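One chain follows as structure tokens, the form predicted on its own.
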């Protein structure tokens, strides 16, 4: 689904050099690293937003990108926000968020609430819903669990597992150990390098290097 070969990314200065990652259907790839290590830049390259310096990014399938900042309009309801981001009408959206994949996010419970009255967890789940309405094959997620309460984290992690089981591919950049337990491979980004973290390696120790 995604094949990254000898990729170099430059942003003002060289951020990442010689990145090689292969992600298949049904896999979740974790991107671990401190702030400024290049996680978001790498996601942007996969999404086609950031052009490689050298190397290649091959993507086979439709990409959906859940950015760290929620692009939601505070004065509108959840359903109105979803209708803005989709060509679907209200009935079709309600049907879509009731299916086995999207229903895990429980967006239907607060769909008529104005965004300004939603908790951080509700906003994040709504933002994810707005992306998956377009039925992506590959989902990019930038810090999806940041500053969320435990129930919201559980719902999002459950969604990732459901998306994977349906054959979807996920790339998730995060600092949260909770989410890395659900990743098939974890890549550690540091000092311009992107290295596969060995099985059983401590995430906490890696971040303290």
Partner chain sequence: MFKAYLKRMLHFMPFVMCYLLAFGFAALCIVTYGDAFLFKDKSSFSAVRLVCYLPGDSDMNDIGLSLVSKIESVKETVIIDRVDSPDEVYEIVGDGNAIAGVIIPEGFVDSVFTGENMQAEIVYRDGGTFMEHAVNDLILTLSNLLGTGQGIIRTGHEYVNTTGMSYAECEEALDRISNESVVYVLDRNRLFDSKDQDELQVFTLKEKMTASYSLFLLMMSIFVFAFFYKGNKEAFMTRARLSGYKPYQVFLIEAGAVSLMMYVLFVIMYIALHLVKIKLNAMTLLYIIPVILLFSLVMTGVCYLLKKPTTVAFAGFGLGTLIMYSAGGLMPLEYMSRFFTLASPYNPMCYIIDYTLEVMFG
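Residue numbers count along the first chain shown, from 1. Model, not experiment: these values are computed from the prediction.
From this point on, the text means the form predicted together with the partner chain, which you will not see here.
- Proximity of residue 72 to the partner chain in the predicted complex: non-hydrogen atoms within 4.5 Å are present.
- Under a 4.5 angstroms non-hydrogen atom cutoff, the partner chain in the predicted complex lacks residue 176 among its neighbouring residues.
- At a distance threshold of 4.5 angstroms between non-hydrogen atoms, residue 147 is out of contact with the partner chain in the predicted complex.
- Within 4.5 Å of any heavy atom of the partner chain in the predicted complex lies no heavy atom of residue 34.
- No residue of the trio 110, 182 and 189 has any heavy atom within 4.5 Å of the partner chain in the predicted complex.
- Comparing 25 to 33, 163 to 171, 148 to 156, 59 to 67 against the partner chain in the predicted complex, the single stretch with non-hydrogen atoms within 4.5 angstroms of it is 59 to 67.
- Contact residues in stretch 116 to 144 (any heavy atom within 4.5 Å of the partner chain, taken in the predicted complex) are 130, 131, 134.
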